[in-house]
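Presented as structure tokens, the chain that follows is alone, the form predicted on its own.
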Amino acid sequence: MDFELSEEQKSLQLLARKFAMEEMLPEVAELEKRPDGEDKFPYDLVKRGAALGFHSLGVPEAHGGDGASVLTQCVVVEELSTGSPAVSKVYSHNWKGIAGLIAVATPEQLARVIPAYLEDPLYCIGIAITEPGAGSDNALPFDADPAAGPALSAVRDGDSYVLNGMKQFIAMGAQAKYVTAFARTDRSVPWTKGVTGFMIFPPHEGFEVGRLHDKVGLRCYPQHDLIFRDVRVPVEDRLGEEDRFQEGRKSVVNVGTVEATATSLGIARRAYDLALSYARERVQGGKPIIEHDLIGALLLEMFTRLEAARTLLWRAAWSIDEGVSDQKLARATKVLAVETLNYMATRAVEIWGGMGVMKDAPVEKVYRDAIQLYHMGNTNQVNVLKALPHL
């Protein structure tokens, strides 16, 4: 594998870095200060990033997008996440949603989503899987127990299905102009064998956006409850065959995993940059603290872990681009990156000393954002369990 990025990748990397540092970083800091309950979604930043090409970057050329490779997407997401993982997640989550849709949808169904998405810089996609009683465990799955897993029901009624239930922690639930909903059409079998996908275009009768969850980190990247009360969906809005939705999505699982990994890497790099710059400026004992051996050694450990996580991420992304299906590699990479991120964030707070926990210092936000990634792209524990069978 050649670790030298192409000229196009370098250009996108620099573009994303400039946008992150000059525009995203200061503006999201101000958005986060809005009182709880207020809309913190970074509408203006998302639009400006779309004008630079980030909105369409991960959409295949065959469908009118820029067709960036998974590796290129990861490079861009890392850069954007150093400025604001909340903004970068808007783009990467949408790319993931479109990849999942392409894997299962008919040409007619795709024509109802992708052109509208490309034309509208604020077009967001919801992926409705998680429920109050089923989180990352929906990825295991618990095949021995049909009662486990998501419970949103879909009952066939003539030329329609009627959906009832609730989804929880759904990213951009209130902003989504299209939602892919996972529902149980056969409760007598494990959920992976009895789940069907449906297309929802809000506003839709019976479909309601519930509460906005008040998160510790990534506060400008909202999660909502979604409520389904006798939501009637026509058969033509069913994605793929009945009961076989999860089977059709298997080809894109790794893409979603490395997307969360790249986000982790960007936050980790921000933690390292903050720690390094502060250590060079902060004077204790008559010299910058970076010259104290314990601090210098700690920064070297942070640098080493960051480089190791990036190397593994690039390899995982490259393998997806080359058509190599290796869930072990993608999931192990995500586990390493999230552990690296939280190590980096904690050490950055330590290096900043007392200022590290002050709200007027930038490092406390990194710490808050870092713990969010334990719960994105499945928990680390679930990723470990999913990787084990492939050893």
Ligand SMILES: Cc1cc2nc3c(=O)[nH]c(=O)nc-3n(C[C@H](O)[C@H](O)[C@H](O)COP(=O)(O)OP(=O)(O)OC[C@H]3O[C@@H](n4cnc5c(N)ncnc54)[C@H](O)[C@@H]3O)c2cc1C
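Start at 1 and count along the sequence shown; that's the residue number. Computed from a prediction, not measured in an experiment: that's the story for all the values here.
Beyond what is shown, the protein has a form predicted together with the ligand; the following relates to that form.
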Requested in this report: Give a yes or no on whether every one of Ala171, His375 and Gln381 sits within 4.5 angstroms of the ligand in the predicted bound form by heavy atom.
Outcome: yes
Query raised in the report: Just to confirm, Leu385 within 4.5 Å of the ligand in the predicted bound form by heavy atoms?
Result: yes
Query raised in the report: So in the predicted bound form, does any heavy atom of Ile127 sit within 4.5 Å of the ligand?
Result: yes
Report task. Spell out, yes or no, whether the shortest heavy atom distance between Gly135 and the ligand in the predicted bound form is within 4.5 Å. Result -> yes
Query raised in the report: Is Gln246 close enough to touch the ligand in the predicted bound form, meaning at least one heavy atom pair within 4.5 Å?
Result: no
Query - Candidate stretches 270-278, 308-316, 233-241, 127-135 - the one whose heavy atoms come within 4.5 Å of the ligand in the predicted bound form - result: 127-135
Report task. Would you mind picking the one in Arg156, Lys215, His204, Arg229 that has a heavy atom within 4.5 Å of the ligand in the predicted bound form? Result -> Lys215
Report task. Could you check which residue among Leu110, Met166, Leu140, Leu118 gets a heavy atom within 4.5 Å of the ligand in the predicted bound form? Result -> Leu140
